[in-house]
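Presented as structure tokens, the chain that follows is alone, the form predicted on its own.
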């Protein structure tokens, strides 16, 4: 009886924690159906004339879960009246998808080399990969800028895409996945006369589905939400990704912030739901905890 009660209390505590973490998403979704006037009324911190006359010195946000009147005004404004929003959404895709595809291909090949090929200094070079992977973005952004300037690509998306493609985390993740594969597969294929390319394409890649999915999702989320690199390398407003636009939307268009955030969140959440099982399995096989 006591054990059952402890389990019940644990479930209740986890449920309340889950509600606490998901509450901002719920507020964002429900408030995306507010009208712009209602948002300005509850979320603006600017004092009105009546507040000044009443001697009020500070205005605070009045967070509401349910709108007084359901309205699709925000979505209409974001998706139809403002084509610039869709342009910025396309800019995010132009950066994110090449990075995901390129990073998966490079990581697969390099992980294959680090796992199966036997060559001198292999482990030393892999340790160097791990060290680079552990370095924070702020430590590598200046070298990236210098290299991009040397290659004369610092004003293009390539300055963001190329470092993303060659990021070492993917190699680390997929190598850990490959090490979990049975060596008998490769030995049997070699005995049958299979080439290195054949083993890679028809034995390794089909068994790496979970690792590839996990890497794709993690890289996608990282570059979908990038801000620092875009602020440094992209000068023109019309080439900015949506993540930069959202970071400063509250400065001038508070009335659209909830619908814009929902549209922005839809793609990564949909991507995450589709690959959740592969993400869990891929991370589990890599041994990352």
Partner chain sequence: MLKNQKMDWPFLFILPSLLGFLLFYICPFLTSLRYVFVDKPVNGNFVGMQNFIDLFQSKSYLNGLKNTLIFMGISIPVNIVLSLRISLMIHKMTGQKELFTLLFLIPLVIPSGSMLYFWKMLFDYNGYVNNLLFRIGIDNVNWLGTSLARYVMIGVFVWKSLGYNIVLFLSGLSSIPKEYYAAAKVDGASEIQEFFKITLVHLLPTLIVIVILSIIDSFKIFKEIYLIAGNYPHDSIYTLQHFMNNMFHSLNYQKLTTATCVLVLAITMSTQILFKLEKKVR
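In this text the structure is predicted, and so the values were computed from the model without any measurement. The term rigid core refers to the most C-alpha atoms you can superpose between the two forms while keeping them within 1.5 Å. Numbering follows the first chain given and starts at 1.
What follows is about the form predicted in complex with the partner chain, which we do not show.
> The partner chain is absent from this chain, but in the model of the complex, do 72, 203 and 238 each have a non-hydrogen atom within 4.5 Å of it?
Not a single listed residue reaches the partner chain in the model of the complex, so no.
> Does at least one non-hydrogen atom of residue 171 fall within 4.5 angstroms of the partner chain in the model of the complex?
Output for residue 171 is yes: heavy atoms within 4.5 Å of the partner chain.
> Contact between residue 97 and the partner chain in the model of the complex at 4.5 Å, heavy atoms?
Residue 97: no contact with the partner chain in the model of the complex.
> Can you tell me whether residue 138 touches the partner chain? I mean in the model of the complex, with a 4.5 angstroms heavy atom cut-off.
Within the cut-off, so yes.
> Indicate whether the partner chain has at least one heavy atom within 4.5 Å of a heavy atom of residue 7 in the model of the complex.
Residue 7 belongs to the contact set for the partner chain.
> Can you pick the one in 216, 157, 110, 210 that has a heavy atom within 4.5 Å of the partner chain in the model of the complex?
Contact residue from the list: 110.
> Consider the chain as shown here, without its partner, and state which of 87, 101, 125, 79 has a heavy atom within 4.5 Å of the partner chain in the model of the complex.
Checking each option against the partner chain in the model of the complex, the one that comes within 4.5 Å is 125.
> Which residues from 134 to 150 come close to the partner chain in the model of the complex, meaning a heavy atom within 4.5 Å?
Counting only heavy atoms within 4.5 Å of the partner chain in the model of the complex, the contacting residues of 134 to 150 are 134, 135, 136, 138, 139, 140, 141, 142, 143, 144, 145, 146, 147.
> Look at residue 273 and decide if its Cα position differs by 2 Å or more between this form and the one not shown after superposing on the rigid core.
Comparing forms between this form and the one not shown, the residue 273 CA shifts below 2 Å.
> After the core is overlaid between this form and the one not shown, has the C-alpha of residue 11 moved by 2 angstroms or more?
Yes, residue 11 moves 2 Å or more.
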